[in-house]
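The chain that follows stands alone, in the form predicted on its own, written as structure tokens.
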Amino acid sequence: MKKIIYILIGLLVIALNKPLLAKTDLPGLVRSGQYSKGTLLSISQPDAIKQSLDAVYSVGTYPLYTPELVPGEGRDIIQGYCNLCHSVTYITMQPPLPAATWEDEVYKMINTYGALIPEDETRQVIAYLQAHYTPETRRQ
């Protein structure tokens, strides 16, 4: 009698697991635990996206220019010395910096990066930056 119960339980388990043994839509999987040759370690890729020939792509405006420095005494000196190493965009893209910070920045360029600016022109560069690019003087 026990033997018949075990056989019935076995058949019931097989009947309930039949969907697991059925074929699947997964690439390379024949049955649960059985794979077709050549599909192991392969990566299934999605279909290529169909591109329309009449599609229109656009982006916002992209500035391709260097903003002008504010006109004032010392502007030509800055353009002459600062453009040797970097664009003056580095000046115009900074947030408004306090006057002391501009002085520190100019001396950093001279002492750390080796900018060759004579002392009298260094004072004019600092004065120009403090006159036009501090929180109090920056124009928007």
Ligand code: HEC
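What you see is a predicted model; the values in this text were computed from it and never measured. Position 1 is the first residue in the sequence shown; the rest follow in order.
Same protein, other form: the form predicted in complex with ligand HEC, not shown, and the subject of what follows.
Contact check for Q94: a non-hydrogen atom falls within 4.5 Å of ligand HEC in the model of the complex.
Residue contact with ligand HEC in the model of the complex: A99 places no heavy atom within 4.5 Å of it. Although the partner is absent here, G114 sits close enough that one of its heavy atoms falls within 4.5 Å of ligand HEC in the model of the complex.
Remark: E105 counts among the residues lining ligand HEC in the model of the complex, judged by a heavy atom distance of 4.5 Å or less. Along 1-15, no residue reaches a heavy atom to within 4.5 Å of ligand HEC in the model of the complex.
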